[in-house]
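In structure tokens, one chain follows: the form predicted on its own.
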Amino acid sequence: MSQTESQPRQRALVARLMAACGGSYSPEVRRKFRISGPQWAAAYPGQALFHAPTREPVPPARVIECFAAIGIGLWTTHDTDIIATEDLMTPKQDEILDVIDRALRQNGVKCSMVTGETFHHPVWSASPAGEQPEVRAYARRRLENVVAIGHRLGAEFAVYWPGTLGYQFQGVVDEPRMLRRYAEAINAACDKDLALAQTEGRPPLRHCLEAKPFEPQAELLLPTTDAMLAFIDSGLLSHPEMVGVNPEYLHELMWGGAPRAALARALLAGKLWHFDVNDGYRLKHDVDLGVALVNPLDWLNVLILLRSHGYDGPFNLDYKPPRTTSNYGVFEVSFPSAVDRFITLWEIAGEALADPVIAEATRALEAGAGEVDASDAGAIFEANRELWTLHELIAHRLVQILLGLHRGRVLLDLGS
């Protein structure tokens, strides 16, 4: 069978089985959630350190059109996802942005966030905050230009991932000096933002820092969300009130941390403004799998946390459709299923928050045993001995809710 004959039959099979999976939502329902789709994720051709590309590139207008059809109403991008490095800050940039702005308007999609590429081009080999003043000057211009692109496309957020802010060899850089120099770049972006916002009569962007524990430098200076929070509060930033964090689920998981705990600390600091959603494995590299494909129970608890503490920022689908998925499959399977898993878990989180069993167990734990001598550790332990069993009961109940067991789902034929 020729390729011309086999492709339609295979696509029909994929479409039929996708429909057989069920559990999908309409585009109208999907648009009710602040879920954003990145240009880089949809256009990812499958290349990696050990992998050749398996898909064709997808231009921005096509990505925006497909997102609109799926029901993803927000679009995000790196500057160089849409504009070649040599065309940045030139008249060609304006021409490209005009085309993209038109595509966004025609499809009813909004640009939610822009971010800058300060990790791939050879100019960033020794970081955007290294020794050479001309590199740092160029980095400042690039971040200022990211802000300009954001205003041009109507974005609300700008995100910065300082993936090369670090070193390969010990003793080569002065770490405090590099951090100060990086702060200068963020300050330049904020100053540019304030000037543009005043000129154009629109609100300033919300600037978010994204941490990652490993890659591409051997040692990173801001590897975790907690490090970013400390950097924001360090006194190095001219406008710390303009800067928050954009945690990525997998980045916090990679180093062995608990994403939920990192999110909680950012919430308490009032700095959780944007959230990159994906999945993967602890103590591994950045596989960027779709949300809840590996850790659905953990994801349920993450969404319980965010729902119960009023997070209202976007959920950015920062993942890579696997190399085994075709161009057709990216928009027919990968993105729709990622959105639907997220929405389902969001709704299950709401069900868990309203569950009477969990509510009663939580109230009992918080009430404690009652009148106990607060100076007698042994008496306190004995008085609460049975209450503490509720911790495991709550965990069991959450799994029941996730699997639908609380609705009476059981195996009817267990055999003899």
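Only a predicted model underlies this, so the values are computations on that prediction, with no experimental measurement involved. Numbering starts at 1 and follows the sequence shown.
The same protein also exists as the form predicted in complex with a small molecule; that form is not shown, yet it is the one meant from here on.
Trainee: Can you work out whether the small molecule is within 4.5 angstroms of a heavy atom in all three of 78, 276 and 320 in the predicted complex?
Mentor: Yes, the whole candidate spot contacts the small molecule.
Trainee: Considering 288, 252, 156, 144, which brings a non-hydrogen atom within 4.5 Å of the small molecule in the predicted complex?
Mentor: Looking at the other structure, the residue within range turns out to be 288.
Trainee: State the residue from 127, 112, 225, 115 whose non-hydrogen atoms include one within 4.5 Å of the small molecule in the predicted complex.
Mentor: Contact check passes for 115.
Trainee: Heavy atoms within 4.5 Å of the small molecule in the predicted complex: which stretch in 145-153, 174-182, 206-214, 231-239 meets that?
Mentor: Looking at the other structure, the answer is 206-214.
Trainee: Any chance residue 40 has a heavy atom within 4.5 Å of the small molecule in the predicted complex?
Mentor: Contact check for residue 40: yes, within 4.5 Å of the small molecule in the predicted complex.
Trainee: Does residue 193 reach the small molecule in the predicted complex, with heavy atoms at most 4.5 Å apart?
Mentor: No, residue 193 is distant from the partner.
Trainee: Please tell me whether any heavy atom belonging to residue 315 falls inside 4.5 Å of a heavy atom of the small molecule, as the geometry stands in the predicted complex.
Mentor: Residue 315: no, not in contact with the small molecule in the predicted complex.
Trainee: With the partner left out here, check for me: in the predicted complex, does some heavy atom of residue 331 sit within 4.5 Å of the small molecule?
Mentor: No, residue 331 is distant from the partner.
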